[in-house]
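One chain comes next, on its own, written as structure tokens: the form predicted on its own.
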């Protein structure tokens, strides 16, 4: 039987209530995710890990505000509040996340000029994180994705998982969304169309 893995996306302090880019009720999923981690054969985590002054931060662009969109070399880029800065408290995993069982932590967004939503590729859609190769070498082809946020990092990771030939299931009860201008409905529809299983 093909191997299965749980992919836990960005359950970090800055994405939880009180954080710099808080997802509403983001911390509510932690107990459920902990249960899924305990039951999983293999666990992979992703961690947003930006250098200070990252190009996706609104503060890097004078006169721009968070959640505005600019055009960059790889297309439209949403500007965010400074968040998950390398080594900061906000970049740490939520203190109640029981993540010690993780076999791999993929850090993304560490290149100063490219943002990164997906666990598989940077936002230029060309620079891989190495996750696909790691999973293939381990014989893992079935992925369950959980975490923050449903309509950004979870959805982009699930879409890339399918495009890379993996079977992907998103546990919606173990995710929470930002829902920026209808992004949750749009990304849910995109995942369904791509063949991501929504559970």
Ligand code: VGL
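Values in this document were obtained by computation on a predicted structure and should not be read as measured data. Positions refer to the first chain, counted from 1.
Heads up, the form predicted in complex with pyrazine-2-carboxylic acid isn't pictured, but that's what we're talking about next.
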TODO: Verify the contact flag for residue 191: yes if a non-hydrogen atom of it lies within 4.5 Å of a non-hydrogen atom of pyrazine-2-carboxylic acid in the predicted bound form, no if not.
DONE: no
Open item on the list: Taking any heavy atom pair closer than or equal to 4.5 Å as contact, tell me whether residue 166 reaches pyrazine-2-carboxylic acid in the predicted bound form.
Closed with: no
Open item on the list: Contact with pyrazine-2-carboxylic acid in the predicted bound form for residue 121, defined as at least one heavy atom pair within 4.5 Å: yes or no?
Closed with: no
Open item on the list: With a cut-off of 4.5 Å between heavy atoms, is residue 14 one of the residues that contacts pyrazine-2-carboxylic acid in the predicted bound form?
Closed with: no
Open item on the list: Given the stretches 58 to 66, 42 to 50, 127 to 135, 167 to 175, which is the single one in contact with pyrazine-2-carboxylic acid in the predicted bound form, using a heavy atom cutoff of 4.5 Å?
Closed with: 42 to 50
- [ ] Any residue of 9 to 27 with a heavy atom within 4.5 Å of pyrazine-2-carboxylic acid in the predicted bound form counts; write them all down in order.
- [x] 10, 15, 21
